[in-house]
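Alright, two takes on the same chain below, each alone as structure tokens: structure 1 and structure 2.
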Structure 1
Amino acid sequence: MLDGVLYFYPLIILASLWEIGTAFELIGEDVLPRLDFVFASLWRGLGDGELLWHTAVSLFRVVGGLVIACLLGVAFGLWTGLSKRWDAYLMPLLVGSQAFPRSALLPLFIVWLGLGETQKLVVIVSVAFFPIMINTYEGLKRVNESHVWAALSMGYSNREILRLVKIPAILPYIISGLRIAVPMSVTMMVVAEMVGAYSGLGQLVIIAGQTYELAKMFAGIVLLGLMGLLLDRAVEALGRWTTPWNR
């Protein structure tokens, strides 16, 4: 019980300062709405289904993008990590591509892919792919060679060594890359929805800001924070389940 309270104490302190500052008019409501107004807007939006719909749409986009990025990132990480030739060919290209800010490329993605779901998924994958790929690659480089030699001495084939030795060894690295990718994906999803979307929390936040519905805007921001936190907890739980030896 106490551990649970201590885990959330920074949020409790922030919420207390927020409510005190707005309740005593130390901060104007045109700058920051009262926290109880935000929660009232949140409750109302969840009750009528509007916030639930936008949250579900955004969550679908983030999870879909993360799944695709994970599959591609692990595949390319294994590909470059296991082949010196492709390491030399692909790694400079992949690293160099990270110099381009994805937010600046959004208009290009819209021109190429339109405003549909494909564009949102591509934007999310473009930011989530690299941390997963590079962690997979680095994990392969750090596999204990004595384990590989022991497997070879027992007659394991290269495919069996990859499946039974190397992939289990790099799973913690993949999980770490996925945890890095989660907040990046949520951030980029919001940007993509703000620039060109008809639904999602990013679209709700930008429309509420433009119509000066600050309580509704902050309700959307609160849900985005909760989404990022819950996704991170889910990835952490996935790591505990897939790598019980790494606790």
Structure 2
Amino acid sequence: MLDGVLYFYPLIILASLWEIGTAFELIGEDVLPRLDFVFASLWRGLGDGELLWHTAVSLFRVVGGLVIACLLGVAFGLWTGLSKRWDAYLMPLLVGSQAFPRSALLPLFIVWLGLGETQKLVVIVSVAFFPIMINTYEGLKRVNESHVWAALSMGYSNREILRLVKIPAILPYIISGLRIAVPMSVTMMVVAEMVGAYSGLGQLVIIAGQTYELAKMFAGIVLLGLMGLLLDRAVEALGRWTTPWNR
């Protein structure tokens, strides 16, 4: 317990400096809001439901996007990984599409899809898809040949081997692809909300910046951090749950 507190001593120092500096007006309130105001804002916003609503909207978008990206990524990874022909034809396109900075497609999605929820989901899927797809593909390439042979000897058919050997073998790869996708998705969601949305933490943060409500802005940043942390831990837990044999 004490160890935990001691570990975070630099945070305690930094927070104290912050609070003292702002409370005694050594740092102007146009630079940093008082730390206790940030927490008050957080408390109030969660209490009256405003922050809670924005958080829920953002979380829904990210999780929705990740789920769709997972389904599509695994499907395409299996498709290209299992078929030599499609590997040759499809993979260059998929890899080539990564030459574009992933964020540069955002304007195009706005033109095509407007500012609604579909656009938000597509934006997130567009960044989360690739790491999941490529990891599934790589995982398939690295399936231990001797496991496949052992299963063939037992009398399993190729189709059964997909379920018995290949799917379990690629699960850890899918999970690590998902872990790469999470921070990318959150980042894209924030920007998509900044450039065009009526709700969500990204929108809250940028509006708060424009109206100089720094306490509220920091409250939003704190919630975004917590969301990033929560999602990462959730994927980690999902990994432990789906692949219990990995320690």
Partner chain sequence: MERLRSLGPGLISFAVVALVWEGITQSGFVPRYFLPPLSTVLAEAWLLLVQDSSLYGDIGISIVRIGAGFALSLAFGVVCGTAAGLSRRAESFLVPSISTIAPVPKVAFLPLFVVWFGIGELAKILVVFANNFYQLFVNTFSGIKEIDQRYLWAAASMGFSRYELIRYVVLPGSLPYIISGARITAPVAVVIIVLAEMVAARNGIGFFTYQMARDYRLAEMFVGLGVLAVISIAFDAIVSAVGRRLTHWEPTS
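Only a predicted model underlies this, so the values are computations on that prediction, with no experimental measurement involved. Numbering for residues begins at 1 and runs along the sequence of structure 1. Take the two forms, superpose them, and find the largest set of C-alpha atoms that agree within 1.5 Å; that set is the rigid core.
Enquirer: Quick one: identify the form predicted together with the partner chain, either 1 or 2.
Expert: That would be structure 2.
Enquirer: Taking the rigid core as reference, does residue 26 move its C-alpha 2 Å or further between structures 1 and 2?
Expert: Yes.
Enquirer: Inspect the rigid-core superposition and answer whether the C-alpha of residue 103 shifts by 2 angstroms or more between structures 1 and 2.
Expert: For residue 103, whose C-alpha is compared between structures 1 and 2 after core superposition, the shift is 2 Å or more.
Enquirer: Any chance the CA of residue 234 moves 2 angstroms or more between structures 1 and 2, core superposed?
Expert: The answer is no, as the C-alpha of residue 234 shifts between structures 1 and 2 by less than 2 Å after core alignment.
Enquirer: Can you give the C-alpha shift of residue 17 between structures 1 and 2 in Å, rounded to one decimal, after superposing the rigid core?
Expert: Residue shift at the C-alpha: 5.4 Å.
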